[in-house]
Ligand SMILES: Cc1cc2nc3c(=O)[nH]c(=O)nc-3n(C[C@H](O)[C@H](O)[C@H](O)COP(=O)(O)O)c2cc1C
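Okay, so here's just one chain, in structure tokens, the form predicted on its own.
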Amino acid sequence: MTQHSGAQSDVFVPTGKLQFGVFFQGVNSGTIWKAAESGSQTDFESFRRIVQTAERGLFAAFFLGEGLRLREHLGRPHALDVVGRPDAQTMLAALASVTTNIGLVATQNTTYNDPADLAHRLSSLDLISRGRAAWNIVTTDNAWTGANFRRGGYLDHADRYRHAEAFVETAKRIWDSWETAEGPAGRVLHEGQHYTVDVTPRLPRSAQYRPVLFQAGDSPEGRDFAARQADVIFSAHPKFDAAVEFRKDLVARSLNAGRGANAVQIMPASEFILAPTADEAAAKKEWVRSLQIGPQQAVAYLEQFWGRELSAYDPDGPLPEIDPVVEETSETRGSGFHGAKARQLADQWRAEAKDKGLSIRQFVTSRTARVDATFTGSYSAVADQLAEYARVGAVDGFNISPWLIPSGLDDIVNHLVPELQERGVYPTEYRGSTLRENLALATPVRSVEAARAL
């Protein structure tokens, strides 16, 4: 395991500070793509505008998601999805030329990449950006996604983190094996269950030594993986009490992995709907939700579970009385729909909707809204909420998914950030020029000899 410079304490100490990141997802039900104000999901201008707004707001990082296959709906590409996401590393390299300080995070899959090739491409982005690159580590194991690749379907679900660990360790060894910018690079050998590597690094280290590592798994295996390998975890626990419990759990896992209590930072996914007053924010939230789930989206959501056409049903009427034609939903519908017991869910949902008096559209909105991840209120009230997170160290920051592209960060940067700065919990300038510096992460240190010997 890589050791980190600086003393590592077994006692967690809150920093009292927060950072923001922005997650440009592309495919999801939370971003409004069909409003007059919506930008394009492929036009460079959308990416440029939002990343520069984030940098103006001193955001630590800009994340891009990854899509390896188009989500399907009733056996065809989902017509209501936004499709055609550009390659993350290509887009981030372009954005490096129009930004100065913000980190650039590429979501990249360990299952369908090669460690030597990916390590080289991430090193390239790190050098091009002068030390601002990061890797959001994800895994995939299903054969449906794998059909797009030569190695389709080869990875068992139980092996996904075992494979990912070997992959990440190999990439780290490649980065660690470059002795100096002028000195010789070391040869890295790895022979494992899924691939064999014999490579000599082709690029020197960047200003931040190597890319920062993010990870988003929330299963026990995913949390242990993050505790061993990640610098930052992209968590699913933004609510205060859940965030505090997640911090305790991650600290325990980090200590068990031989790292310090503060070794892994936490940035939960979140959504912000803000306005000058609480009443205005509530009205804005209602408007946002009405655009996120329209009539077509509501019916299509149920079709993903029913496995059949439901277009004859009124989205403002009750849930369908007919049963699904599938027992369990497949991965072709997307990760949010995979593995559901369709008929059991249909019975539960019909009963719940009837009990609450909800139409199809109202019910789907209640199911898909980022209830646990949304901060709604006035700028000052939400700033007070976030200051409490900083005080107890529940999180190190928030990874924000804007509900509108490219203007979805404007309220946050123009109004919330100054409120947080007044409370002393948000940066007033960037700490340095690299992502590692701006996240206050220690520089990894491992001797070339140790890296080659692993």
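Here the structure is a predicted model, which means the values were calculated and not measured. A residue's number is simply how far along the shown sequence it sits, counting from 1.
Another form exists, predicted in complex with the named molecule; not displayed. Remarks below refer to it.
K.L.:
With the named molecule left out here, work out from 33 to 41, 407 to 415, 385 to 393, 58 to 66 which stretch has heavy atoms within 4.5 Å of it in the predicted bound form.
P.N.:
Among the candidates, contact is made by 58 to 66.
K.L.:
Please check if Y301 has a heavy atom lying within 4.5 Å of any heavy atom of the named molecule in the predicted bound form.
P.N.:
Result no; Y301 lies far from the named molecule in the predicted bound form.
K.L.:
Would A236 sit within 4.5 Å of the named molecule in the predicted bound form, counting heavy atoms only?
P.N.:
Although the named molecule is absent here, A236 would touch it in the predicted bound form, with heavy atoms inside 4.5 Å.
K.L.:
Although the named molecule is absent from this view, report whether D323 comes within 4.5 Å of it in the predicted bound form, heavy atoms only.
P.N.:
Outside the cut-off, so no.
K.L.:
Would E280 sit within 4.5 Å of the named molecule in the predicted bound form, counting heavy atoms only?
P.N.:
The answer is no: E280 has no heavy atom within 4.5 Å of the named molecule.
K.L.:
Ok, I293, A216, L319, V251: which has a heavy atom sitting within 4.5 Å of the named molecule in the predicted bound form?
P.N.:
Selected residue: A216.
K.L.:
Of the options Y209, Y161, F272, Y313, which one has a non-hydrogen atom that comes within 4.5 Å of the named molecule in the predicted bound form?
P.N.:
Among Y209, Y161, F272, Y313, a heavy atom within 4.5 Å of the named molecule in the predicted bound form occurs only for Y161.
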